[in-house]
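Below are two forms of the same protein chain, given as structure tokens: structure 1, then structure 2.
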Structure 1
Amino acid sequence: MKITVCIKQVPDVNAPIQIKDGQLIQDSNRKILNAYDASAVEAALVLQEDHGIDQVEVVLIGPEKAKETIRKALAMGADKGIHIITEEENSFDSFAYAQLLAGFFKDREYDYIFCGKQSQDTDSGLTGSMLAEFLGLPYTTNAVGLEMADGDLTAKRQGDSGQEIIELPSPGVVTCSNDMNDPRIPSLKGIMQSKRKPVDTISVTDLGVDLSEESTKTIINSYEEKPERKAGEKFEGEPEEIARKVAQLLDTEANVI
């Protein structure tokens, strides 16, 4: 059995950022493994340890320097990495990433595909479900727990009003919440071993996917600072008088009554 985890290199959300002339300026040297993807890697490794899964591999779409993020997943314990190399800068949205991953997976063998439920740079949370649609696979999103029996997964999914238990046959796609686990910190031994683990490279152009403008559905025109919140208004007086003032403001100014 093989589990392939889709991972992404993202900006460190703790690094300073600024907006200048409508552009987002980030520290290009502060890039890390997406936290949600780290939970997906951890989930795959736990299943491998508990059920003797043959291989856990990771696949990443990104520029040459993103290979260090693959090595992080290998140091955690993944067996193999695959790097789909892109230009230094790209403007892929969830739809484009899903298309590229679908092109990668269409001729490959796997039992389950794991993804983080979203990436911490855009928080779109769409790539996993789009990938499942492109591949025609069953899927579940926002998994907070995974168990395996007889080769099939049972996912505990966090829904809007409670948790759902979903049986997912193979092959299938799971997107993992970062509430599922605490990803392990690579040990020194794991870091040293990661340097000897294989990382295959593929050019993004070799996937046979149309990367024309139509392949990107989301266009970011500019960035703006979050507007400052107006100061609240404090009322003094008797409770009945204050209640009348608040009701009047809600009616005449906020128009919510």
Structure 2
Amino acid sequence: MKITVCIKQVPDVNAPIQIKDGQLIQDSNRKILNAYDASAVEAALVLQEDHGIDQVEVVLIGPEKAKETIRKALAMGADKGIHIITEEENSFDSFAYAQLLAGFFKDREYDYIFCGKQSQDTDSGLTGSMLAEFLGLPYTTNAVGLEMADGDLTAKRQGDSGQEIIELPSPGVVTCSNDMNDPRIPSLKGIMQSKRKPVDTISVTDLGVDLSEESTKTIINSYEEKPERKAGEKFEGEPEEIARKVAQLLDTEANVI
């Protein structure tokens, strides 16, 4: 049995961001493994440990430099990496990534494909279910728990009001929430071993996916600062005193009581 996890390198949202002339200036040094994908890798590794899955591999579409993110997943414990290399300046939307991934998976063997529930930077949450549709696979999104019995997965997905327990036959696609687990931090041994693990590289053109005009269906025109929310008043002092003041202000000034 094999689980392939789709992982993405994303800018660290905790790093300072600047916007200049509507463009995002990102510190190219502060790129990380998408937190949701880290949870997906963790989930796959836990299943591997508990159910003797033969292989956990990761696939990433991104520029040369994103390789370090593959290494990170390998250092966590994944067995193998596949790097689909893009040009630095390429910017794809989820639709295009999903098509590329579908092109990749078309002739490959896998039992389950795991994705992150969303990208931490764009919060789109589209790629996983798009990929499932392109491959004609059943899927479930926003998984917060996974269990395996007789080679089939049961996912707990967070729905609007409760958790839905869903049986997902293989082959299938799961998108993982970071609420599922706490991804392990690679140990030094893991980091050292990761260097010797295989990483195949494939160029986008090798996939034979036609990325013509239509395949990127959405474009980002510009970025802007969020209208700043100013800090209001901060009350310090005796609890009774500040409680009384704020309660009154909520009533008379804010009119929300």
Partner chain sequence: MSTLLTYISVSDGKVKRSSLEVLSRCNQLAEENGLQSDALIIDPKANEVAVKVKAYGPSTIYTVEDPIFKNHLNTPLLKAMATALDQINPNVLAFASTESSKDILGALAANRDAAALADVSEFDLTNTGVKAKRPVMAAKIISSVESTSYPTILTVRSGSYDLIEKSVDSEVKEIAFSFDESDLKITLKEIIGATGDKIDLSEAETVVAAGRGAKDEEGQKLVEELASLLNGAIGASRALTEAGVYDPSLQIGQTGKVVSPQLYIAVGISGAIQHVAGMANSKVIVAINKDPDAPIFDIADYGMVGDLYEVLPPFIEELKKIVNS
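For residue numbers, the reference is structure 1: its sequence is counted from 1. The term rigid core refers to the maximal set of C-alpha atoms that superpose within 1.5 Å between the two forms. Bear in mind that the values here come from a model prediction, so they are computed numbers and not experimental data.
Of the two forms shown, the form predicted on its own is structure 1. Each of 185, 160, 188, 227 but one sits over 12 positions from any hinge; the one at the hinge between the rigid parts between structure 1 and structure 2 is 227. When the larger part is held fixed by C-alpha superposition, the smaller rigid part is turned by 48 degrees between structure 1 and structure 2. In the core-aligned comparison between structure 1 and structure 2, the Cα atom of residue 236 sits 21.6 Å away from its counterpart.
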